[in-house]
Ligand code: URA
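Below, in C-alpha cells: the form predicted alone, a single chain.
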C-alpha cells in the first residue's frame, strides 16, 4: 500500500487552520498532537492514511469544500481572527458558516486601510498569494496631504530603504492632475508598507484603499460587503501563482 505524506504545516493548512505561516505558529505553541503526542517539529511529514492529528482535542481532516470570497474592508476593522482589545474584526463581516469551515483572511490590511481582502480556507492558495517569492502585485489608491513630487515618485518606484532593506520596484500612476491621489503597485507586503514608504519622504497618507490583488479587482463592491468569487476568478487566481 502506498502512503501519502505531507509536511505538517501544509496538512494543517489543508485542514483549514490558516496559511502555512499561521499553522507554523500553532505548531510551535505545542497545540498540535500526532497520534497522541505533541508535535513541534516543523519538518514532520504527516502520513495522511495512518496518522491521527488533533488540535484542541479535535481530529483534523482536510477540507472537502473550499470557499473563496472578496470583502471590501471598511475602516476601523482589524484583519485578525480574534482581537485582544475587542476591536471589530473582518471575520464579523462574513457569514458564520464560512468561519466554521475555516475560512480566513489572506494577508493583512491595517485598521485604517480599506479595500480588497481575500478570504479562503484553501491554505495552499493563501500561502502562494502571500509568500514573497511569488511576488503577487497589489495595487492601492493613495490620497496624500500634498502633491507628489517627480523626484519622490522616481525614488519610490526604484526602491527606498525601509525596515533595514530596500523595497522592490513599484509602479506609481497619478489619478488626478494635482498628483494628490495616485495608485501604487507593489509586489511585497511589509508591515504598513505603503503608508511607511510615503511617510519616509514626508507625506501623510490621508486615504488608502487596496483596489487590486493579483488579477482580482475591487470593482463597485460596497464597503463592508463581500461576494463569492466566480469559478473563472478562482481559476485566474490559481493560474496566476502557478
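No experiment lies behind these values; they were computed from the predicted model shown. Positions refer to the first chain, counted from 1.
Although not depicted, the form predicted together with this ligand is the subject of the following passage.
- Only one of 211, 194, 53, 39 lies close to this ligand in the model of the complex, with a heavy atom inside 4.5 Å, and it is 194.
- The single contact residue among 83, 101, 157, 110, judged by any heavy atom lying within 4.5 Å of this ligand in the model of the complex, is 110.
- Proximity of residue 140 to this ligand in the model of the complex: non-hydrogen atoms within 4.5 Å are present.
- Only one segment in the set 165 to 173, 126 to 134, 110 to 118, 143 to 151 has residues whose heavy atoms sit within 4.5 Å of this ligand in the model of the complex; it is 110 to 118.
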